[in-house]
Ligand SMILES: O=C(O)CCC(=O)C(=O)O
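Coming up is one lone chain in structure tokens, specifically the form predicted on its own.
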């Protein structure tokens, strides 16, 4: 369980790092499941509903950069997402009534792993309040060299940074980011990072010879209801479910207003949206 100091850090800094959260047994099960799920997948032939491949490889290349919704599709991850041991930590942050929101596994293969630019998770899925957490579990030893998470502390209580240009959502912060404030979060395999969904964060390209796989789960307070934004709301909500406590009879509002992401066209993922934005920036 969190100490009172760790709960205070999450509240004040917008994140808390918890070493050795996953056991060797957890890591072994997750590694085996990933290997089983991705076996035989190539850039040319893969299940586009379940995974996304690194685009910069030959058609027969087998480098995967994301698995979609492992906690819905695969038992090892589903069981973990609903485990009392994990939910007890989330309850310390938001209380006893909790929704699971979404899950993914981001993978940065050696020397090629795609970067993730600065963004805030809540920009993608506005809620009626900010009680939402993204939990990142390092499945490999993770350093600056192989693309660890970096965050900007104490920004989670401020207004959302601008993520749009020309009226359309770009999936990344579109104003200048003071990277001198960034804190890299390195950790051994099994480390967990609990991050408020308003905390600005990014990760760089994996320039090492070591892989970097990260399991990401999102939870929210049951009274944090989605703000309807059209098709994307349906896509982000289709895997959400109550995992502890009871349903909320009322939505709790903690903000007078919040930016709504307006999409110029349908996207496949964060990577896709940010890449389109980079291409537009280069052409400008």
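None of these values were measured; they are calculated from a predicted model. Positions refer to the first chain, counted from 1.
In what follows, reference is made to the form predicted in complex with the named molecule, a form of this protein that is not presented.
A single residue from the set 216, 27, 248, 53 has any heavy atom within 4.5 angstroms of the named molecule in the model of the complex; that residue is 216.
Among the residues 101, 156, 201, 163, the one placing a heavy atom within 4.5 Å of the named molecule in the model of the complex is 201. Heavy atoms of every residue among 66, 106 and 119 are located within 4.5 Å of the named molecule in the model of the complex.
Of the candidate stretches 92-100, 119-127, 183-191, 71-79, only 119-127 has residues with heavy atoms within 4.5 Å of the named molecule in the model of the complex.
The named molecule in the model of the complex is approached by residue 212, whose closest heavy atom lies within 4.5 angstroms of it.
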